[in-house]
Ligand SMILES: Nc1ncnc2c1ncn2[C@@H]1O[C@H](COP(=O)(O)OP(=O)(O)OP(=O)(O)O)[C@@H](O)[C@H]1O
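In the form predicted alone, a lone chain appears below as structure tokens.
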Amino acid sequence: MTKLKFFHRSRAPFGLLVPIFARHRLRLLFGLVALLGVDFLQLLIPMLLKSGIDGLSRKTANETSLLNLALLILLIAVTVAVLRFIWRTLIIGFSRLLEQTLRDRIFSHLLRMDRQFYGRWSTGGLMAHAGNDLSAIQMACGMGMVAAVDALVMSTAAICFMLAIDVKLTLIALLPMPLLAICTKILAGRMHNRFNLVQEQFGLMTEFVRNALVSIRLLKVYSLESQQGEEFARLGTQYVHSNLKVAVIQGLLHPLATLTGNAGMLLILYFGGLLVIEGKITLGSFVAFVTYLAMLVWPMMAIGWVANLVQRGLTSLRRVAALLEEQSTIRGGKGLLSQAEAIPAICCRNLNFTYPDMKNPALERINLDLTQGIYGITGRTGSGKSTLCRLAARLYPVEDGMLFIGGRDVNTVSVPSVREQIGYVGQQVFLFSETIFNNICFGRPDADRDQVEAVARAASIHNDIVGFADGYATLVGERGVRLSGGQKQRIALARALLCDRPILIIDDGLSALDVETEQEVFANICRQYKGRLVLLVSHRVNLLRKTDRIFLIDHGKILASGNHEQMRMASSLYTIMTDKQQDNA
């Protein structure tokens, strides 16, 4: 049973490669034919040398025969060069196509995954999968496959020719081979573990650099440049040490193969020389035998190299397969919720949700009926407000019958069709290292300049944008590093307004705005979203009091709901929040 499980486990990752190999089978077939043609022609040269040397020994060779022999060898060499170009173009080209296919599949897979997945996987680790791991697979399926086929064909054919010349001499020449096989097996097993560690440490180092660059301003404010440099140096040292351990294995495999080949050559020079002296084989046969043995040195050296490439490739293939086996926890049906048919409504029925690895629920028995209008949500930090917004935007899974968008259970319709009903502005604004124009029209790439400017005015960011030297063509830098917090929030809001969807969710997305700008933006939202649904998370009472209804959430439960005056009468917590803000005004 254990062996059967191991067989299935080791075989599973190859399912990624089989369809790609099948798709390019003709390319591979012609490439392998060209490779075998090169091997066959190379095996002919020792026989031609044997013929020429035997002719010289018997004094039967003449100028014409030697010239013909030389021209034939030259013709073979030219043909080998042409065929070698063909197989390199076809097979190495295939390995690059395989790498591209896997990279596209990984990227598509990552786009489908949910927030829980990204909580388990670091960005650096994912970058390592799409970088180093794919390179290792490409090498194994390119040069690794070529070297394996070439070594197998050359060694088998060379041994057959050697046996045809002298069986005993061939057995003597092959005496050191078992030692090489045993050493390769031991070293290849260690190679797998060490290379896996190298890939993991590369992911850690990549993630560290990414975090440092993203938070570069924070690092400078706290004067942590030297500390970060030391930490990066420590990670780099670990990575180098792990690579050196891999290099030790690689360094042992190559010399062992060379030593084995040279040991066989030494035995042949002695025993083969005796056979020539005794007249049991001709001088030409001896030269051909030595040439074939020299051809065996490459396959023996290739054993170590191929073992290295295969171990690296298998390790990386298993890592990529494990990544692609991850499944999104968000379920969706086959139904479609079109924007034209959808009712702007969010309904919760005893909605419960607990984050993975958390004991206490983030939301508990939430019941809401939100239709057309503007609704405010408030409460203490960590009370579950953002969680409710994320569930509505289908960023986390919910159970059947708990959440309804546009009148449909979210689990009965496709996830994209639900998300297409919602414009979302989150707490943490993300801007691409692109122009302001491209950041705003991210959700609608076909939008024209007038449409982008219209939503920028609605978000009260137009005047700020035209104040920049390049206007809408201004590059905002990594994560909008060149902009203030309020400017980033308003650009994100303009992006959501441009999508013009039935439901707009703003999860504390106006917190960095001053009171005057906030009121202006809110008035514009009221005008644009009249007859639709706006869900606004905020702690500012002056903003909440203008909404149609306020919901107070605490410890994952709705404590009270109503308009501003009703909330002051019904909830002491809301009253305290209101009084504190008025005192601080």
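Each residue number is its position in the shown sequence, starting from 1. All figures in this text were calculated on a predicted structure; none of them were measured in a lab.
Absent from the display: the form predicted in complex with the ligand. The rest refers to it.
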property: Met358, heavy atom within 4.5 angstroms of the ligand in the model of the complex; result: yes
property: Pro502 within 4.5 Å of the ligand in the model of the complex, heavy atoms; result: no
property: Close approach of Phe432 to the ligand in the model of the complex, 4.5 Å, heavy atom; result: no
property: Contact label in the model of the complex: Ala362 to the ligand, heavy atom within 4.5 Å; result: yes
property: Option touching the ligand, based on a heavy atom within 4.5 Å in the model of the complex, out of Gly384, Gly423, Gly426, Gly313; result: Gly384
property: Sole residue of Arg105, Arg331, Arg380, Arg444 within 4.5 Å of the ligand in the model of the complex, by heavy atom; result: Arg380
property: Segment that reaches the ligand in the model of the complex - one of 453-461, 319-327, 388-396, 264-272, heavy atoms within 4.5 Å; result: 388-396
